[in-house]
Structures are given as C-alpha cells and as structure tokens.
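First, one chain by itself: the form predicted alone, in structure tokens.
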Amino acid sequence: MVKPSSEGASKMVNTSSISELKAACDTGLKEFLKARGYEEMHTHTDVKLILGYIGVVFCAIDFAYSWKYPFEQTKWFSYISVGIYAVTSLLALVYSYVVQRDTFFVGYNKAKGHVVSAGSRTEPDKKTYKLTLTTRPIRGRQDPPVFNSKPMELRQSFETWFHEDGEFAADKFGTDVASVIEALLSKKDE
C-alpha cells in the first residue's frame, strides 16, 4: 500500500468495493487528462441521447394523438411508436456494447493534434485495474503528427494507487498514466 500524503483535499473510497475503486481511477484519469489540456468529446453520449430522444418523441406524439382521438383510431400509430421506441433502445444498447465498449473518456488536444481514448476493466478476483489508451490524429488536420497508434495497456493492482484508508494517490496514478501516454505518443515505429 502507498503511504498517505498530506496534500489538500483527497478522494476517499471503500477499498473493498471494486466498483468504487474503478470509478475513482476513471475519474482520476479524466481529471489528469483535462489538466493537461485535453477537452472531452461527448460523441458516445450524443449518439445514445439522439436515439433515446427519437424514441421518446414518437411516444410523446402517440400520447398526444391518443389523448385527442379514441384508441381504435390511434392504435396503429401506437404500434408504430412502440416499435420505433424498441428499435431505438435496442440500437442504443448495441452501440454501447459494440462501439463504445469499455471506453469512458475520449478527449482531444488541439495543440498536440491528437485524440486519446481511454477504456478500463477490472479483474475482481485479483483487484486489478486494466487501463487501455489509444490515440489517433484529429480528423481534418493538415499536418497530423506521427505517433504509435497501437493501444497501450496499463495493468496495476488497486493497492498501488490507494492508501490503506482508501485515499486515492493521484500523484502516483498520474506518474503511471503519464508514462503510458508518453510511450503511446512516442514517434518510434514498432
């Protein structure tokens, strides 16, 4: 375990809860990247919201139509709106599992000219956090930087980044993440 530091406000989590440990690490990575000039992209959330809004709008139109006219006259539209709602909900679910997967952060840095995606998983039986970082150039950029776009993985035990009392060791976490990002953005061809 890491020894606690006496610096400012800290995050305390239940060290026996894998979900709390994972959430703290995910939040720590978001804060780390935002502090280094990365702006979060909300594409995954936007796609799921648009699909949800389409389904809800059709159901709201159906409600208004059914309010004004009798059921026998509006039931065909009810079938259609419920079908559309089911399809859009299914599309959002498929998008989450197939496209988004474990990705919890996608951010870009205009100055450096790239987009970083971060995904994470846990291994509950080992209390291990697996962070996967990938990068790509910003689309439409005239002079894309050259870097290794192969995914890089950081796998550590939660004990590395948390003190015995559950305090998050952001400095140690930041050091480990910075080394992975530097390796990811290195201009070495492998």
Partner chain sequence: MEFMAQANKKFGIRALLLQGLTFLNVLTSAFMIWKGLSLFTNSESPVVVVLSGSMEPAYYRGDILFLHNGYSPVDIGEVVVYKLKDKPIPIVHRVLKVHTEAETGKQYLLTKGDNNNADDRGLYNPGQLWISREDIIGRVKGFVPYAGMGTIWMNDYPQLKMGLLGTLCVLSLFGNE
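Numbering follows the first chain given and starts at 1. From a predicted model like this one, the values you see are computed outputs, not experimental measurements.
Keep in mind that the form predicted together with its partner chain is missing from the display, and what follows is about it.
Considering its partner chain in the predicted bound form, the lone stretch of 50 to 58, 157 to 165, 128 to 136, 23 to 31 in range is 50 to 58 [heavy atom distance within 4.5 Å]. When its partner chain is considered in the predicted bound form, only one residue from N109, S117, S120, S81 comes within 4.5 Å through any heavy atom, namely S81. Taking the partner from elsewhere, K75 is found to have a heavy atom lying within 4.5 Å of its partner chain in the predicted bound form. The closest heavy atom approach of K150 to its partner chain in the predicted bound form falls outside 4.5 Å. Though the partner is left out of this view, D46 does reach within 4.5 Å of its partner chain in the predicted bound form, counting heavy atoms only.
Of the heavy atoms in K68, none are within 4.5 Å of its partner chain in the predicted bound form.
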